[in-house]
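Okay, so here's just one chain, in structure tokens, the form predicted on its own.
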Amino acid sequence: MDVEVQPELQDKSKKQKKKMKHLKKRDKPKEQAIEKDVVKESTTADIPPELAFPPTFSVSEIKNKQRRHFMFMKYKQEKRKEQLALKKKRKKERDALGDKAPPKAVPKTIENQRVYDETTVDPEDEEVAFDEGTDEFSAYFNKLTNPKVLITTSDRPRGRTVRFCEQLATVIPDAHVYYRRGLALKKVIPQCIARDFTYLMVINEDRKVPNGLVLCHLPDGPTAHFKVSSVRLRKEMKRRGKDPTEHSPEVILNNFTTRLGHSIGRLFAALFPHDPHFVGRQVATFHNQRDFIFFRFHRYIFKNEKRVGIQELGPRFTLKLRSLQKGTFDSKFGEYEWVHKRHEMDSSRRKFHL
């Protein structure tokens, strides 16, 4: 005898089946995840504790900026503590070993990892000695001429540039500051030669700040163009000494090793008189590091037979060579020995030109 199933009961059974299917689908990924965790636990249990690494964590994953900065500073402090602890440990080991201690490792720097330059100058090279005897500075180094420098500026200089020129004139003996008055350099150069000047120095400015220097050796050149940065005048310097005296300073030239650097070093050396006055105890330093030329002006003081103190007198600034031109300044038809092409020449951080 066939029993007729009511339509309401049929609908209920269908809904229950759908619910069961939905629950199975929902619980399936959870079961798979549990199975994976079980597999992971079993695999990590087999791996010895030395090879089991914690999950990687990056500070950059933190979204909150303040929290991210705090965690990064904390990480740096911990790293610093580890380095200091390692340093102390090595020092104790070295003290314990005494003379048998191994030599200290030389730290890797950009300078000692420098790419070798074929034009590096050997002081004993005959070709270099011949070039020095016949170049534009030979008359100065043979003591046939005395340096006399004219310092001028671009048109309408501001106060900071004028003060910078005046302070440079106190550093370089026999230097004279003249205002430009709108004259072109091609007209200024013949007047300088007629008045026996050996150098023309032009300070350029941008937005009231000195940003360029043209150094022209007279009468035959060469002419160098530098970018000027980090200018600090005497009033802006802390713990500076008294103003410099009229004594001729000693000159120190550091790290001008290539042929180009050698010629730039000679260009700077010819700015100052041959015989410095050691009584004045003043030193002008041109230090080349990674093609940046740092200028400092100091006075040294003898405290006793072994100790010497130094006072910075100022001004201080940094130069970066842009171009070296043969002959006197000629922007249109001048022949350039070297031009700095940033995209071509600065491809490697370990390659330097001076």
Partner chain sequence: MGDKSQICSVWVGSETGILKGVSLSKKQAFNFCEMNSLSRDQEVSVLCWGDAHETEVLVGCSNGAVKTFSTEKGIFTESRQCGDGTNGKFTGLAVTDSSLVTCVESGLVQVWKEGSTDIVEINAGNSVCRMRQNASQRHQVATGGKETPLKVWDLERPDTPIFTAKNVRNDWLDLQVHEWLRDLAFIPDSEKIVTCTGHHQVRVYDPSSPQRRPVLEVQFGEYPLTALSLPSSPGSVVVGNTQGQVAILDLRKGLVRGCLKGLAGSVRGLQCHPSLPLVASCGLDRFLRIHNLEDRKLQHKVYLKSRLNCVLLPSRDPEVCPAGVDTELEVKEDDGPGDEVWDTMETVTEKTKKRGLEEKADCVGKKMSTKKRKAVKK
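Just so you know, these numbers come straight off a predicted model, no measurement behind them. Positions refer to the first chain, counted from 1.
There is another form of this protein, the form predicted in complex with its partner chain, and it is not shown here; the text below is about that form.
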- [ ] Classify Asp346 as contacting or not contacting its partner chain in the model of the complex by the rule of any non-hydrogen atom within 4.5 angstroms, answering yes or no.
- [x] no
Open item on the list: Is Lys320 part of the interface with its partner chain in the model of the complex - any heavy atom within 4.5 Å?
Closed with: no
Task: Heavy atom of Arg342 within 4.5 Å of its partner chain in the model of the complex - done: no
Task: Lys326, heavy atom within 4.5 angstroms of its partner chain in the model of the complex - done: yes
Open item on the list: To test your reading of this chain, name the stretch in 128 to 136, 210 to 218, 174 to 182, 141 to 149 whose heavy atoms come within 4.5 Å of its partner chain in the model of the complex.
Closed with: 128 to 136
Task: Thr119, Ser229, Asn254, Ser154 - the one with a heavy atom within 4.5 Å of its partner chain in the model of the complex - done: Thr119
Task: Three-residue site Asp275, Arg281 and Arg307 fully in contact with its partner chain in the model of the complex at 4.5 Å by heavy atom - done: no
Task: Residues of stretch 317 to 353 in contact with its partner chain in the model of the complex (4.5 Å, non-hydrogen atom) - done: Lys326, Ser331, Lys332, Phe333, Gly334, Glu335, Tyr336, Glu337, Trp338, Val339, Lys341, Glu344, Met345
